[in-house]
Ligand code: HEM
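Starting off, we have a lone chain in the form predicted on its own, written out as structure tokens.
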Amino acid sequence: MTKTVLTTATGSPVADDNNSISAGERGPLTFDNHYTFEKLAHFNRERIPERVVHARGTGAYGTFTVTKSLQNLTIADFLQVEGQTTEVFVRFSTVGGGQDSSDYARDPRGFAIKFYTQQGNYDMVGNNTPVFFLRDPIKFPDFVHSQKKSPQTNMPDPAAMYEFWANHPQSLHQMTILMSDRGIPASYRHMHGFSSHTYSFWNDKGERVWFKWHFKTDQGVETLTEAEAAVRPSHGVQQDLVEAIDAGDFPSWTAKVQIMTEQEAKDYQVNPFDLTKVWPHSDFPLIEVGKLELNRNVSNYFAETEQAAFAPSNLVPGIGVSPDKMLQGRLLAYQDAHRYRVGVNVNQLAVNAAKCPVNHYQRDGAMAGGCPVHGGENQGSGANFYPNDRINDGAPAPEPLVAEPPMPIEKDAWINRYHTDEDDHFSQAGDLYRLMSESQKDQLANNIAGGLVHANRSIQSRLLAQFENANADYANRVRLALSILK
């Protein structure tokens, strides 16, 4: 057996990893303990800033297999042929809590997929809910602040959560989902995933359609009550996924899309780019397109899951964005967060690196040149600017054939701030409520009352009015649950 020699970070053999050099057996350490200092200095820097949201996550590798070609809708290379497979990395997460929080918090769950396609990485960065609390990114920092710990006590503050929701009726639909029986998934294997946002496909004719992703769990949806979640270990969901994959019980999801034409979007009864709204399946049925399977755990949690960087701006030819305001904000915010948290060359890390050739003129910065796929040592000795006279010698040049068709906008649109105070915030929340069983309605009311009871009367009355606008029985049940707790 070949012996593996322990070395310093620069490759020098280490003679002793148990004892520092000292002035005598009982004396102080000397200043030539360079190896001890190396270990301590590295240890001090082992943590990077945790994500502000989606901090507590679990990741795994797998495949996406096409079951229905979308060649007529998109030039995206990984959606062309039935049976073709694409390697993926998927990260699930809670949203509001930090690394020290529980896997079983009542919270939305992140559902992010990195497709390593032959034309670059495509990221589907969604949640386990088809809608979100907001439709404008200007409110996102305020929303997250309201859901985090109190700035005074550093403890959960349910009154602040409900205060935000009372002032933002657009949140009612997502809040109804969060406080329902689906607010605490039993595991990541037993929940759906959604793009939530509206994106666009375009084909080789330059025709665009709008679409949404739906990933339906093949394991079935399983959820927990507050009482059941309270007795689970904080790491239970992560453990469940790791052990299932290790045992060969590979979780899978059936991938589906909803399609809306540009003309349908112009005439539809609700804004199709409003993240607080769903597209009813009766109008835009689900179309099965593929199968997502997870079959390999990470080798190193920090290197892969913690440093994985997903961004909705990671797009490939054939897939584009939409006028969804929240999505537009995320195009900037996500990449900006990764550059701050991990570094400007975050996409050179193995988990984030594309599997296809990468050629560009981006140079330098911390940790540059660490990935051979990205041109080796900091893009080598070639030109570091464009245009240049070396295109015929292999210098990178744009490819006009992958240009996205022009994005349509409203006729005679004026640049301004447009409020949505008069929009219908209530109908879809009411529709969802009417689909619930009696038991589910009771759970919803009790879960809301458990937090709302900590808010003042003004907040309570404003939220009860929102529930009333959605459904009278909805408001009555919450009102009754509040009266019992007071």
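We number the residues from 1 along the sequence you see. Just so we're clear, the structure is a prediction, and the values are computed from it rather than from any experiment.
Beyond the structure shown, there is the form predicted together with this ligand, which is absent from this document and is the topic of what follows.
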#### Entry: residue 348 within 4.5 Å of this ligand in the predicted complex, heavy atoms
no
### Task
Flag residue 156 as yes or no: does it have a non-hydrogen atom within 4.5 angstroms of any non-hydrogen atom of this ligand in the predicted complex?
no
### Query
So in the predicted complex, does residue 51 come within 4.5 Å of this ligand, heavy atom to heavy atom?
yes
### Task
Verify the contact flag for residue 383: yes if a non-hydrogen atom of it lies within 4.5 Å of a non-hydrogen atom of this ligand in the predicted complex, no if not.
no
### Query
Given that this ligand is left out here, which of 189, 197, 208, 214 has a heavy atom within 4.5 Å of it in the predicted complex?
197
#### Entry: The single option of 355, 256, 148, 341 touching this ligand in the predicted complex, heavy atom within 4.5 Å
341
### Summary
Of the candidate stretches 136-144, 156-164, 234-242, 395-403, the one with residues having heavy atoms within 4.5 Å of this ligand in the predicted complex is 136-144
### Summary
Residues in 323-352 that come within 4.5 Å of this ligand in the predicted complex by at least one heavy atom, in order, are 326, 330, 333, 334, 337, 338, 341
